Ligand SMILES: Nc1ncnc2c1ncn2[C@@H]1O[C@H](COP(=O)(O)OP(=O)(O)O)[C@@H](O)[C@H]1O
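In the form predicted alone, a lone chain appears below as C-alpha cells.
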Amino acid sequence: MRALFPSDWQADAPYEDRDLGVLKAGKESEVHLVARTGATRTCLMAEKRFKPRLQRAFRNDYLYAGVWGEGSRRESRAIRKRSRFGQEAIEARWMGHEWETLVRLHAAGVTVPPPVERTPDGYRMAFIGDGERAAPRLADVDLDLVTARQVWRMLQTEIRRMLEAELVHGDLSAFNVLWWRGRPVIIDFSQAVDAIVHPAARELLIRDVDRTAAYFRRLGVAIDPGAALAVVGDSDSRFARQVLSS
C-alpha cells in the first residue's frame, strides 16, 4: 500500500510556522493546526500540546505503569509516592513515550500520521485532512457493508504490524482512527505498551481488537473474536506468538 504522503511533503527551509488555531481540545492535550511555509511550498501539521500535569486525568494507570522508560532511583521512588517531582517525571516520560511510539510505528509501516519533530510541550506530525478540515473519526462515519468489511481487514493488518513492531496500542477503537481518502489512519498513542514485557499486553490487545470490532459489528460485519485475534497475531515473529500464547 502506498504511503500516506510523498517523501517530500514537508516545506523546505527556510520556513515560517503559523498557528491556525485549535483542532481538538481534551483533558490532557490540545491539537493545533500549524501551517509551515517554505520557499516552494506550504504544508500543514498537527501539533499536539500536552497540558501541565496531564497525568491527573489519566485513568487505569496500573495497566500502563513503567511503559514510559526507566529513570533514576530518585525518580522511581518519587513516582511510587506520587510526589510532585514524581508527577513531573511521569509527565515527561509520557510525552516522550508518545512521540517515540509514533516514530517507531511509522518506521514499521503502520498507517499513522508521519512524525515531524518534538516540541517543548509535545510534538508535531502531518495533518490528516483536506484543506484545513480535519479528517473525521471512523466512529463518525457510516461505511457501507462492503467497505466496512474491507476496512476491518485493513485494521487487522495494522494491529498485526503494531505487534510486529513489538507494540500494542492500548486504547484502540473507532474513536482513535481517522477516515481519510479511503484509509483508516491510527492516532493517539499515549497508552501504547511493549508487546513482550508489559504484563497487561495481551489483555490490552484483546481489548483493542474487541473495541475496534464493535464498530464493524454495528455496520453488519460478522466477526468471530477468536478468529480476529488469531489474524492479528498471525506472524512468524517470536514476540507475536509469545503475546498471543501467554
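None of these values were measured; they are calculated from a predicted model. Start at 1 and count along the sequence shown; that's the residue number.
Beyond what is shown, the protein has a form predicted in complex with the ligand; the following relates to that form.
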| property | result |
| --- | --- |
| Residue (of Asn176, Thr101, Gln156, Thr111) lying close to the ligand in the predicted bound form, criterion heavy atoms within 4.5 Å | Asn176 |
| is_contact(Ala213, the ligand) in the predicted bound form, heavy atom dist at most 4.5 Å | no |
| In the predicted bound form, Ala46 touching the ligand (heavy atom, 4.5 Å) | yes |
| Close approach of Val231 to the ligand in the predicted bound form, 4.5 Å, heavy atom | no |
| Contact label in the predicted bound form: Asp188 to the ligand, heavy atom within 4.5 Å | yes |
| Options 121 to 129, 157 to 165, 103 to 111, 143 to 151; stretch whose heavy atom lies within 4.5 Å of the ligand in the predicted bound form | 121 to 129 |
